[in-house]
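Only one chain is shown below, in structure tokens, and it's the form predicted on its own.
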Amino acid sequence: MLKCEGLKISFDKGTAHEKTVLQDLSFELQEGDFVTVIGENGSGKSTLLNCLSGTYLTDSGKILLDNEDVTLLPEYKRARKIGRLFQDPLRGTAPHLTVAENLALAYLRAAGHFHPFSRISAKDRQFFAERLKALDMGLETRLDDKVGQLSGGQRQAMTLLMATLVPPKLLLLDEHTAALDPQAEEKVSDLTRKIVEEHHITCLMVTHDMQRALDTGNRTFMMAGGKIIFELNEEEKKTLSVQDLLVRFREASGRNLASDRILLG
């Protein structure tokens, strides 16, 4: 479903500050895989998502999505097959537009069912309301409210819906619950699992929370130095604790995990 071969990308090339962020990174995902990605700050987690989405073009390597080579495909063209959520709940939305207008734009981008200058019909509004009701956050009654008026949890839940309104081939989640309060974080995490399972979406989720990484999905990647230094399958995830992960990291990298954010998470 997704195959990455030898991905490499460096920043500040040709200067004294040149840094290789991804180094010969290769992996494969099968359809329906839900992979959590953990690692220290600077290990390459977000850069990997940026390369998959087309925000960055790699220096070398190949990205195949459903056997199509998308390595050089622009980000806007990949957006029809790849959904993405960011840590900031307002990223990916237009805060000055209404809930209904944002959903219409997301549907247009993913499916091409709307003409850019068409009005949102009563049928469209009914469809949006039904999908919003499934979130169980009262958003089905707020179609005409500006997105900027919503709480952080409501905005992120709506952004999740926008990214999956037409189920994508691949969903990229970049610490999408990290900026939320604990109650909203739990709600959005539960919604994520529900939507991904319901639509059988292949998903890569970067998280700083090691326990959540163990509890979520069927695979876990640990990254360091721009590489995947070890991977856990579904059965291994069930038997390991966070302390076990720290031991595995030390064994694989030869040093202790230094990111306080991960340790506290």
Ligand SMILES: Nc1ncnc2c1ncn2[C@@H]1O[C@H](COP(=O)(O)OP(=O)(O)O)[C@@H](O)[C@H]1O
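The structure displayed is predicted, hence computed values, not measured ones. Residue indices: 1-based, along the sequence shown.
We do not show the form predicted together with the named molecule, though everything after this point is about it.
Checklist entry - Mind checking whether each of F11, V21 and S46 has a heavy atom within 4.5 Å of the named molecule in the predicted bound form? => result Spot residues vs the named molecule: full contact, yes.
Checklist entry - Could you tell me if G61 has a non-hydrogen atom within 4.5 Å of the named molecule in the predicted bound form? => result Heavy-atom contact with the named molecule at 4.5 Å: absent for G61.
Checklist entry - Even though the named molecule is not shown here, does G42 get within 4.5 Å of it in the predicted bound form, heavy atoms only? => result Yes, G42 lies within 4.5 Å of the named molecule in the predicted bound form.
Item to check | Heavy atom of Y56 within 4.5 Å of the named molecule in the predicted bound form | outcome: The answer is yes: Y56 has a heavy atom within 4.5 Å of the named molecule.
Checklist entry - Among 193 to 201, 61 to 69, 33 to 41, 236 to 244, which stretch has residues whose heavy atoms lie within 4.5 Å of the named molecule in the predicted bound form? => result Looking at the partner contacts, the answer comes out as 33 to 41.
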